[in-house]
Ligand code: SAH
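Starting off, we have a lone chain in the form predicted on its own, written out as structure tokens.
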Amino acid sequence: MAGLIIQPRARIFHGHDWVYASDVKKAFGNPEPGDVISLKDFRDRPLGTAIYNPSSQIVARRFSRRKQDLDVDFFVRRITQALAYRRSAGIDEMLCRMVWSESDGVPGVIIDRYTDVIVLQTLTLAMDMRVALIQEALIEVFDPRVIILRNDSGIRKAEGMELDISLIHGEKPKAFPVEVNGITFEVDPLDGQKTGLYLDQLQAHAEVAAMAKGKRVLDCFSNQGGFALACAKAGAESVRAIDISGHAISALNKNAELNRVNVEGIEANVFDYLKSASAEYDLIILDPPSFTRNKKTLKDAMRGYKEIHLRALKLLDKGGIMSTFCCSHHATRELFLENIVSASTDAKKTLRLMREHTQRADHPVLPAIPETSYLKGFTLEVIPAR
């Protein structure tokens, strides 16, 4: 088997599974893009088996510490293990992220399950070349009605791959309802904007909604209305949801009808809206898309976060609550919290931390791979200055 010899002090010696181009001492056996390769240290000792793509900044991603091949049995085994974990964690296995890349030992493979519809993403070249094997494994484990290949993520470009959305098993599905936390959502995993719901936030929706009763709520970057609908269901006095996407607002309005709740959806730029909004809210939720995908744009991203924090805090009086979220790994928990504190200082508001939020358990975290921990959130209350 062809492979790579890894330089001393590379992160793989500290438990990580990624190999960057700068970590490679030399290659042997002429590995080809998409190959399964072996990894060895500088003393020729085995480090495990990986997938290879010299066109990516991450040239190799280890998926086993022993010799292993990517065949149907491998995918069946890893998917079955992922299912067992979610069952043990108390996650609804009919509505969850069933496989999440490195966290489930299948780098670059994401599998979302919506009852009998499976949405598959392959974000690494080697896994993309083995879609047929993954499909076969999914049919064996779940016997789904539909499998959709939803490869429209920009991450694929870093691996030198094209974007694509296609139906690879079953008949084209119509939009259909799913229920979570007592709320019905209409999902359209083939023709919709995203794979369906933001499954990582389902737990946070309920946590924030628990504080919404009797409050005037503003849900910013609302998408299809996860927070807005949960707050309305929980007895909020009023709910307004803002998103720049007309498609998202249409989906939100449809979901509000399905749940028989009143949510005012507004198509607008959140930054502009907050700048001109009146101070008429008791709870403001900020759940923007990632402002940064890399370290180079981190400073600009933090300026964006501070701007929305500052504008939101200026709209809140004593007793007001702000729930804010960040889905970028590069913006650490500490950096994000520091950003909130800086905004509160400029707004001349004192904040009390009420609750921390993180990604749902179907997005498991591996401590040795910090990139698997990305979602952080804080709910804070404005208290009298001291």
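Numbers follow the displayed sequence, beginning with 1. Given the structure is predicted, the values throughout are model-derived calculations rather than measurements.
Not pictured, yet referred to below: the form predicted together with S-adenosyl-L-homocysteine (SAH).
- In summary, the region of this chain contacting S-adenosyl-L-homocysteine (SAH) in the predicted complex, judged by heavy atoms within 4.5 Å and restricted to 67-75, 222-230, 122-130, 163-171, corresponds to 222-230.
- Tyr114 falls outside the set of residues with a heavy atom inside 4.5 Å of S-adenosyl-L-homocysteine (SAH) in the predicted complex.
- Among residues of the shown chain, Tyr198 is one whose heavy atoms approach S-adenosyl-L-homocysteine (SAH) to within 4.5 Å in the predicted complex.
- Within this chain, Val270 lines the site of S-adenosyl-L-homocysteine (SAH) in the predicted complex, having a heavy atom no more than 4.5 Å away.
- Of the heavy atoms in Asp287, some are within 4.5 Å of S-adenosyl-L-homocysteine (SAH) in the predicted complex.
- Contact annotation: of the candidates Asn181, Thr80, Thr297, Ser245, the single residue with a non-hydrogen atom within 4.5 angstroms of S-adenosyl-L-homocysteine (SAH) in the predicted complex is Ser245.
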